[in-house]
Ligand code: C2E
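Presented as structure tokens, the chain that follows is alone, the form predicted alone.
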Amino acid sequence: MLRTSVPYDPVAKVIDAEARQLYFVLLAALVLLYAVLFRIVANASATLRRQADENEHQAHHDALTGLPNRTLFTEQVNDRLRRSSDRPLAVVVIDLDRFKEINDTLGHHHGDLLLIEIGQRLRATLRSTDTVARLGGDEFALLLNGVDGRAAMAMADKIAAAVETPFETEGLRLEVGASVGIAMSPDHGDDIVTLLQRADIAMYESKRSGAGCMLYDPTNDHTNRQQLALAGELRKAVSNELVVYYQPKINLGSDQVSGMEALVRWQHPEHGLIPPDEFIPLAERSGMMKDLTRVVLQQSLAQLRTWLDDGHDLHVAVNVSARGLHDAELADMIGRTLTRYEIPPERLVLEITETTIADDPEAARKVLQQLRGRGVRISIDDFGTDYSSLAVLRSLPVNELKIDRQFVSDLDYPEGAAIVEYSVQLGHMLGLTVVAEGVEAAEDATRLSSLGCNMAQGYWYARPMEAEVMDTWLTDRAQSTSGNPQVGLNSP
């Protein structure tokens, strides 16, 4: 037998060398992979942090001017009141005079430029310890720390003078005025709601009297005392005293009930049923529109769920105010509520007015596009009552157009009929559903149907009523119209 032996030491040395080389390559690859992954993770983390910071900034700042919005202003005043309850501070409300004329005449572009410059001037006029915010539209608010009434008035005069100095925007010389109202803490209130309300009262009094700047005076408040009391009660009322009434929308082609408009009322324990015209402005000024909108949406969609389960093929329309429309969280809140009650998004219609959009068209457009992307339908209410109607229909994601009741009431006159006919044709050319509101006679319903209007609502069909009464109305109408498809049935 032939045997061959090979020395192992050289082989072992080769293996060790190759192993060390392999370990080195693997180590280098791992280091490189770690570096790449670290960079990717670091970039992703930085992007997420930046997006979170941007979202936080957008939620607390006005998109146009970059100033704090109502939410952040409220938080800052509340924080100051908690930390320095014994130190005086002033809450100042500024409303621009003649701004609407500029906005209407020159358009939103020049109006926006003017608002940006006013924000910059206000910020430059104040001390570093003070705060300036844009509450919406042409209304600004200031928080002046550590000042008494006299110092606050002196600062307000300085601010008014800064606003009244002419502006130059794109070669145009623009002039506006300012009506300023001041409320002091603790003299006039120790919470943001009361201070804003009383600063508002002082501002309206300064506008009425032409004084320019005015400190809150209770003697000027004799016509507003009930409103102030209601405002103080409204925050508690939002949770358990708001009720939603419903008015049906009728399909003029089939004469079937196609939907309901939700209309909020305040069932006050002492004053009875308070209409929205009396408390919605209070909610707007005191920052409670977000809570109010949430309650109305929840009640309306919960009721819609009941009607759908009972076999009624309906949608529900909810009105959204300017404050609500400019709330960055509106779309998410609506999405959660739709999911909670298992409502298809297309069965919710949000009704907005042209003046609601005019405060900040770009911000409104973004929110409406978010909602439209989720499948929610958008309706322009009171169409034709504002100069910007055509621009609104062209630039916003709208599904429905509602003809204002003042035009429907003029159907007997050639001019009124022409406006309604034009509105119907325009809506159809743009692919929109057209709804007429304020229908109070059978003749109006017949005429609207002949003009091609899709839906109608008004006292001819029914007044707004509570959900329980509406259940009975739906049953009675189904029975009464089974053999006569063009009958109106007034509410009981």
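Don't overthink the numbering: it's just position in the shown sequence, from 1. Source: prediction; values computed, not measured.
Omitted from view is the form predicted together with the named molecule, to which the following refers.
Which one, 24 to 32, 432 to 440, 65 to 73, 445 to 453, holds residues whose non-hydrogen atoms are within 4.5 Å of the named molecule in the predicted bound form? Answer to the contact question: 432 to 440.
Distance check, M184 to the named molecule in the predicted bound form, heavy atom within 4.5 Å: M184: no, not in contact with the named molecule in the predicted bound form.
For G335, is any heavy atom within 4.5 Å of the named molecule in the predicted bound form, or not? No.
Can you check whether G375 is within 4.5 Å of the named molecule in the predicted bound form, heavy atom basis? So G375 does not count as contacting the named molecule.
Using heavy atoms and a 4.5 Å limit, would one call S379 a contact residue for the named molecule in the predicted bound form? S379 lies outside the contact set for the named molecule.
May I ask whether N319, E351 and R405 each come within 4.5 Å of the named molecule in the predicted bound form, counting any non-hydrogen atom? Spot residues vs the named molecule: full contact, yes.
In the predicted bound form, the one of L126, L96, I280, A363 near the named molecule [non-hydrogen atom within 4.5 angstroms]: Spelling it out, the residue with a heavy atom inside the cut-off is I280.
Candidate from L263, M214, L135, L330 lying within 4.5 Å of the named molecule in the predicted bound form - any heavy atom: Of the candidates L263, M214, L135, L330, L263 is the one lying within 4.5 Å of the named molecule in the predicted bound form.
Looking at the named molecule in the predicted bound form, which residues in 442 to 466 have at least one heavy atom within 4.5 Å of it? G458, Y459, P464 sit within 4.5 Å of the partner.
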